[in-house]
Each structure stands twice: as structure tokens, then as C-alpha cells.
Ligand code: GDP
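Here we start with a single chain on its own, the form predicted on its own, put down as C-alpha cells.
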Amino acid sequence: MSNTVLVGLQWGDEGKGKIIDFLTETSDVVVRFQGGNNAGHTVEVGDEKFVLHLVPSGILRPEAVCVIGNGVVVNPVSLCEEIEGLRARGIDVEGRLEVSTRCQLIFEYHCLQDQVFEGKLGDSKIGTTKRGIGPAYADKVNRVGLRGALLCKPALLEERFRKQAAFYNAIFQEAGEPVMDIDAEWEKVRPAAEMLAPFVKDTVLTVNRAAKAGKEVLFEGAQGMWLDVDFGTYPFVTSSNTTSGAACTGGGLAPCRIDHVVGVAKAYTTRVGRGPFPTELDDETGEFLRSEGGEYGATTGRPRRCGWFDAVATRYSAMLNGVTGIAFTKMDVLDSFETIKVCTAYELDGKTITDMPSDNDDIERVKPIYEEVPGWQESTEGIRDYDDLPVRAKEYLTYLSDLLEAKPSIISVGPRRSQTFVLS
């Protein structure tokens, strides 16, 4: 039995939700350890498509216990809507979903602050989803945030909510921005808190007791490595740590208890929002990848920026996360290409480099250096075993694995559960 962390190795949207769903077939507990409802995991089960934002993907497996860990920022109203949506589709959450007493709560004043701040940035805006994620994490660090335990204490929650909302209203008013109707907002929060109170637990105990009992625990990340607030393309990043180490601080399990780290990477590269993207293709090839891969944000619907596989960025990510295996997704999107380009180095100020720069200004200036490999020009959508892949598709995977210095462990050739297989 093992404790496994799953992380994205690129700029998010790598197909983590599908791989998590695949791994949860043998998982007892699934833990979301960072982010908020700014991320979306898309899972297809049969003819049904589910888009999950806060609830871990394991909820689609009847036996799995799902934990929203302390590292997550939770909008109570949004979480209630997500739970009701799952119930309406026949998914049972009672006794299977837990929300950490220590998670930070997001309220409307966080969302409004997000919108105001982004609007003030003008041409320098980050490209936030305006769901209040950054302001909620800022309140956490400033030690003025409200935590999940308050959902079980309605009187105290109302007192602190109103106090913090009034504080934010004063800021909005001074800035000449519209203020909240605090009474109206509380009337949204109050029933949400009542609904969520039975789910609130000390999830650290849940996770550690499961690990001690030898159960399979899977830690589910959101976004991707290059959106990590410390290691990503700062400032064009999210507001939390998206790397494997955050599974311990955001999920509540000691580092020595982690057995495996699975990194997820597309067979090409995408990015949503602003920020550097060395291999971006602003041409017909990029548009083809977007169209063929259905590259639109699960949360916002924004079109994703598309480009060739970036081995420089992904190798750095694999190293930093300590991956023990890589899940390659969307291989099928490349089925029709005669040749495929892979970025193996950058040119920076006239010099060739093979390591990812740590400074965002340098990343903005690099030029990708490509190698071309032959495509397979055969459909892979119906393949269910690695041995049945076209020879050149297998060669492509071997080539990427050698560049990343990490072994492939899972291959995905389509959105459905059946279109995923494990390498022995």
C-alpha cells in the first residue's frame, strides 16, 4: 500500500482530473491539498462528463473518502452548489466528504477585492479568475482569515464575517468602488454554513489514520508546477504551492510517509492566462492543437494557449517534484502530425541553455531550440495497451522520457476511463 502525490508538470490543464480518477480505482482516501474553485478537473465516466472544482475527483468512486485539506481555500457557497450538483446526478457525498477545520474560507469580499485589484493593474494584470483565491490566501498570511471550523459555530462565524466584510467595505469605499450589501451576503453564507457543518472534520486525523492502517492515500493537486507561487513564472502564477511538497503542508501527512510522486504532462504544452510561454504557437498548428485537444478552461471556458512540448521546463519540474513516474496525456491529439517538434534547449542572449531560468524576465526572452521527430500518423484512440501503440508513438514517449530523466507510468489516448493504461 502507498501514499501517492499527483501533480501537474506544466502550466496546469495537463489532464490531472482524468489521471486522478483513473488512480482512484485503487485509492481509499483522496486528498485535495491546495488551490480553490479557480481550478477545474474534468472527468468523463461513460457518456457523462463531470467538472469538479473543490470536491476531489475520488467522489466519482463509490468507496473513496474525499478530503478537502487545510491547504485549500474554500468558498462555502460554491462548495454547496457543487455538492448539490453532484447529488442531482446521483453521486452520494454523505459520509464520504470531509472539509478541514483549518481550511481558509472565501467570501464575496475576497472576490470583489480580486476584481478591483486586477482592474487597477491595467496592462500588467495577472489574468486571475477573479474568484477571490489570492485575497483569501493573503488573509491567511495576514492572520485575519476565517477558517473552516467556524462553519460549525454560526454565531461566531456571523460576528467575524460581518467584521471582516465591514473592513473590506471601508477599503472599497475609500477606493471609490461599490461596496457589499453585508446583510444580503450573510444570507447566502448562513445556509451554506449550515449545510457544510456536518462535513467539517480534523482531516489531519483522517489522513494519518488511513496511512497508518495501510490504506491507499492519493493527494490531488490543482494547477501545475509553473503556476507555483514560489517556483513558477512569478508573478504570473497562482497563490499557492502546487508542487509535491505542498501535499504535506496542505494535506497533513509527514514527508517521510510519501511513497510515490506521479507527474502529469501533456504530449504537447498549454497555458491559460498571461505570462511567458516559450513554445507557444500563434499559428495554424497552435489552433489545430486547441481545436483537436478541446483546449478551453474547465472553470472559465477561456481558450488555452497551445505549443510544442517543452522538455526544458518539464525536466526542471520533474526534478523539483521528485517524480517517480510520468503520466502522458492527450497522445491522440498528435496522431495526424507527420513531424513533431520538441523544445530541448533555449537560446538566451545568444547563448544556448538547457536549464530553465529562475527569473521571469529571462524566461520572457528565451527562444526555443527544437528537435524534430517523426510522427506516427495513425489513430491511437482505440488502443488499450502500450504494446499496441504505433512504433513511432512509443519512440516519442521514450524520447520524452529520456529528455525528462523520468520513466513513463501511465498513458492516456482520450478523455474516457477506458482510454488510459499503465505501463508495466
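Each residue number is its position in the shown sequence, starting from 1. None of these values were measured; they are calculated from a predicted model.
The form predicted in complex with ligand GDP is left out here; the points below concern that form.
Among the residues 315, 290, 330, 96, the one placing a heavy atom within 4.5 Å of ligand GDP in the predicted bound form is 330. For residue 23, no non-hydrogen atom is located within 4.5 Å of ligand GDP in the predicted bound form, even though that partner is not displayed. Contact check for residue 304: a non-hydrogen atom falls within 4.5 Å of ligand GDP in the predicted bound form.
Interface membership of residue 368, defined by any non-hydrogen atom within 4.5 Å of ligand GDP in the predicted bound form, is ruled out. Taking non-hydrogen atoms only, residue 15 approaches ligand GDP to within 4.5 angstroms in the predicted bound form. Just one listed stretch, out of 370-378, 391-399, 58-66, 34-42, contacts ligand GDP in the predicted bound form at the 4.5 Å heavy atom level, and that stretch is 34-42. Contacts to ligand GDP in the predicted bound form (heavy atom within 4.5 Å) from stretch 402-423: 412, 413, 414, 415.
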